[in-house]
Structures are given as C-alpha cells and as structure tokens.
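Before any questions on how it binds or moves, here is one chain, the form predicted alone, in structure tokens.
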Amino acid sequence: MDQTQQEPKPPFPEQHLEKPELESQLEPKPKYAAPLYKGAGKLKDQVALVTGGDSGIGRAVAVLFAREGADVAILYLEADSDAEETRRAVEQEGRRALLIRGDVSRPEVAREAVNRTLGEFGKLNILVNNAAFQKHQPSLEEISEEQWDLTFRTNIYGYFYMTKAALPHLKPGDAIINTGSITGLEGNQSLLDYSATKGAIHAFTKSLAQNLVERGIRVNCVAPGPVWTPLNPADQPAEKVAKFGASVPYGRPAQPEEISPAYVYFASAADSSYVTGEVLTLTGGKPTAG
C-alpha cells in the first residue's frame, strides 16, 4: 500500500479571508481526515477538550482523537464558524462531540468549558490548548496596544486560564498538549507579538511539565512551521497567500492531517509515557535549534 499522498503545493489561488476566518472559504480546502491513519484504540473512552477546535489543526486533532476512541469537547470563538463540520467529523468516527462557544481570553469561559465537558462526559483526560490570534504588522510602531493585549490574552493567558481550570480534574497518566510555533523559536519580523506569545508557550510547557511531573501529568508542545489553515489567508495579502509555505524544503505548507498525529503521540500514554516538557517541531525539513 502506498503510504504517501499528494499534498497541494504553491502557487495557491490568490485569496484573502476576512476575520473571523472560515475554513470552508479557503481554497484548496485544508485536509484533516487523515485517510492513511488507522486508529488503534490508544485513547479508548478518554475525554479531550480542544480549544480552537472548529478548524485547522484543532479540527484535525479532534478527528484523530475520536478515531483513537476519545470523546471530544470543542471550544470555539465565533457563532459563524465551522464547528458543526468538526462535530460531524467526530461523530463519523463513532464518538461524541460537544460544541462550546466562548473566548479563551476570559477566565470564566475556561471554567465554564471545563465544567460543561465534565457535565457531558463525566471526566477530562486531555487538554489541548490550541486557540490563537495572529495579525502581521510590518513594524513595532504599527502594533497597537489593543492588538498586543489581544494576542497575549488569547495565546498565552488563554492557555493559563484553560490549564488552571482543567488541572484539578486531571489524574496521573493524563496529558496537556500546547500548540506552539516555529516562530516561538526563530522569531518572525512581521509577527512580533505572536512570536513572543509562542515563545512564552514553549517556556510555559517546559516549566509546567517540571511542576506536574510528580503528579504524573505529562505536558508537551507541538510547534509547527507553515500549516494550511485559515489563520494566514485572513492575515496576509492575497499574493503572499499564493506562495505560503514555499520557502521550506518540502516546498509547501503542511496539511492539518500531517500535524495531528503528533498530538495523538503526546496524548497517548502507550506512546509517550516517558515524555514530558518537549517541544516537537514539525517544519517540512527546515532545521531548527532551541
């Protein structure tokens, strides 16, 4: 059996999405179904809560968690979102999905999301902190105080709020998985605030892992390079979107379904019982340090 797939490569159609971005408007459509991935019951009857799970990496993670036997709660921001498609995809895998609308930058929303997950499924085993805000700016002077605050409140405060709400309900063997970024290791000249939050997420991951190691709760981070999700087309000129991901050795961005197996690895005690505090970079062949 051929174990490779032909993935879309630049140039993509020139396009720009208005925020809040919708995956259903992106061309070509991001691939999340991972047809080559075969479930093995690694997360059988566990419960996961995924922030930013209505599209992109979050949706792909929810699908593979369900394929591995988990029920999944999805926290998403906008009423006009692609969350229903994520629900359908999880249910097609034979598992239950709970959709929760709310803003991770508000601590009361984090508490409500955890409580609703517990009320629906009776437990929580895996927290995936994945929701993010990003907006390119050419210079520091053009980053408003409001943008700086929004980026930090979504990307790192949100991780803190969600983790603090979930932690009392996690047990030995459970897992917290954070979404970082290559920008948090290398920086990005047009993403000063976003890169700073991703660097903070990496440090938060390593520090929290040390803090929780005696409690048997593993904390790890996936740090992708370019991924074909709605985030960038809603944030860059159409001509740049057409070339998105072309600069890495693979010559293309990752599809969400190529990133999501890393989350299964970190979620599954069968795979990563001896792994905590790691930042796993997935960059299409681009060497990284840090």
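Keep in mind the model is a prediction, meaning the values are calculated, not measured. When you see a residue number, it is the position in the sequence shown, counting from 1.
Keep in mind that the form predicted together with a small molecule is not shown, yet the notes after this line are about it.
Novice: Which single stretch, out of 89-97, 112-120, 172-180, 205-213, brings residue heavy atoms within 4.5 Å of the small molecule in the predicted bound form?
Specialist: That would be 172-180.
Novice: Please determine whether residue 104 contacts the small molecule in the predicted bound form, using a 4.5 Å cut-off between heavy atoms.
Specialist: Result yes; residue 104 sits at the interface with the small molecule in the predicted bound form.
Novice: Would you classify residue 198 as touching the small molecule in the predicted bound form, given a 4.5 Å non-hydrogen atom cut-off?
Specialist: Result yes; residue 198 sits at the interface with the small molecule in the predicted bound form.
Novice: Taking 4.5 angstroms as the cut-off for heavy atoms, does residue 227 touch the small molecule in the predicted bound form?
Specialist: Yes, residue 227 is a contact residue.
Novice: Could you tell me if residue 55 has a non-hydrogen atom within 4.5 Å of the small molecule in the predicted bound form?
Specialist: Residue 55: yes, in contact with the small molecule in the predicted bound form.
Novice: Counting heavy atoms only and using a 4.5 Å cut-off, do 76, 131 and 244 all touch the small molecule in the predicted bound form?
Specialist: Affirmative, all three are within 4.5 Å.
Novice: Please pick, from 154, 137, 125, 81, the one residue with any non-hydrogen atom lying within 4.5 angstroms of the small molecule in the predicted bound form.
Specialist: Contact residue from the list: 154.
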